[in-house]
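Only one chain is included here, represented as structure tokens and corresponding to the form predicted alone.
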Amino acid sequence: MVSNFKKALESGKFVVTCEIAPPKGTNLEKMRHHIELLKDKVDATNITDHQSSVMRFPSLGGALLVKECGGEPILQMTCRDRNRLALQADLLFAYSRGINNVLCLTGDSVIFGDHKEAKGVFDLDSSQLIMAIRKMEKGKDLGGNDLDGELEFCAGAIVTPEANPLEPQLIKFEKKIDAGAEFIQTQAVYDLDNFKKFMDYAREFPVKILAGIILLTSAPMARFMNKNVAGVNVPQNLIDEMASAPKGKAIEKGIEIAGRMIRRIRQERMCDGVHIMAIGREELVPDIMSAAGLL
């Protein structure tokens, strides 16, 4: 069964995805509210998988909730927490419940999270997980055993276009595409001229690219990301623009900047769409889309 997200990617339209972080606990009301708010505005919704190695409600459970609410989920799967048996089992379960989009991630180290005593698994990496999916689609598990019943996923991965040095990212990018990645959602991009140079390279490959847009909420947040988030570089002119916002208006300035960037990406046809990340402020995604002229 071809997913609606894959149909959107193949249609040639400007695709918009966003992400929702599950709660730390069983109270799903806020998450459900965000899903209901966004399901008819975006083409698909990523559900993060213990993002930054912080234990939360599972991505698979969140993806099921998106499905139950009538949305199009993208299941995020990291290789940090599960070995190949568990990863394959979760894929089988997901497909049996109508979840057929998956973003394959190696995963952040547990030292960044809230369970530093946990042991990282990393039995597979993201490229190997994509290869596992493609093998399973051919009817075999990673042990070479026959699978009873078919499955078909729209599988993707990530790339960091502003990494320095960039060359290791390009090697991983090509490896992921060779493994069978159909779409790429990038880490946050803020220097669009630099992103265009990356896209000149990426356009040589048969894969759809969605530019990652992280909402800036303050100048200190931008500085924090520059210092602590690998591969993210917020230019000084944007930091200054955020700092110049009147008191209490930083969020509005961040929405304006995000909307302006998306509008330019779309107008200049830089890539195939955007992946909007309003971390912890998912209710602002429609405002970003409106600022970009998408609603």
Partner chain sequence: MIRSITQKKSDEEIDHLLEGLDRIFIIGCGTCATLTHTGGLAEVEAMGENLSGKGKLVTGEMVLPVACDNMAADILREWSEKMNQADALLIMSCAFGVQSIAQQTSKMVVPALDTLFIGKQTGAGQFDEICTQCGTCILGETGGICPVTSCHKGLVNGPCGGTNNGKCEIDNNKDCAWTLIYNRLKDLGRLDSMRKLQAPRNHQREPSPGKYILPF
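Nothing here was measured: the structure is a model prediction, and the numbers come from that model. Numbering follows the first chain given and starts at 1.
There is another form of this protein, the form predicted in complex with its partner chain, and it is not shown here; the text below is about that form.
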Whether Met199, Ala211 and Phe224 all lie within 4.5 angstroms of its partner chain in the predicted bound form by heavy atom
no
Next on the checklist: Using a 4.5 angstroms cut-off on non-hydrogen atoms, would Glu167 count as touching its partner chain in the predicted bound form?
Outcome noted: yes
Contact test in the predicted bound form: Gly71 vs its partner chain, heavy atoms, 4.5 Å: no
Counting only non-hydrogen atoms and a 4.5 angstroms cut-off, does Lys172 reach its partner chain in the predicted bound form? yes
Exercise. Should Thr160 be counted as a contact of its partner chain in the predicted bound form, where contact means heavy atoms within 4.5 Å?
Worked result: yes
Of Leu124, Val207, Met136, Ala219, the only residue with a heavy atom within 4.5 Å of its partner chain in the predicted bound form is Leu124
Of the candidate stretches 189-197, 211-219, 96-104, 125-133, the one with residues having heavy atoms within 4.5 Å of its partner chain in the predicted bound form is 125-133
Taking its partner chain in the predicted bound form and a 4.5 Å non-hydrogen atom cutoff, the residues of 179-199 making contact are Ala179
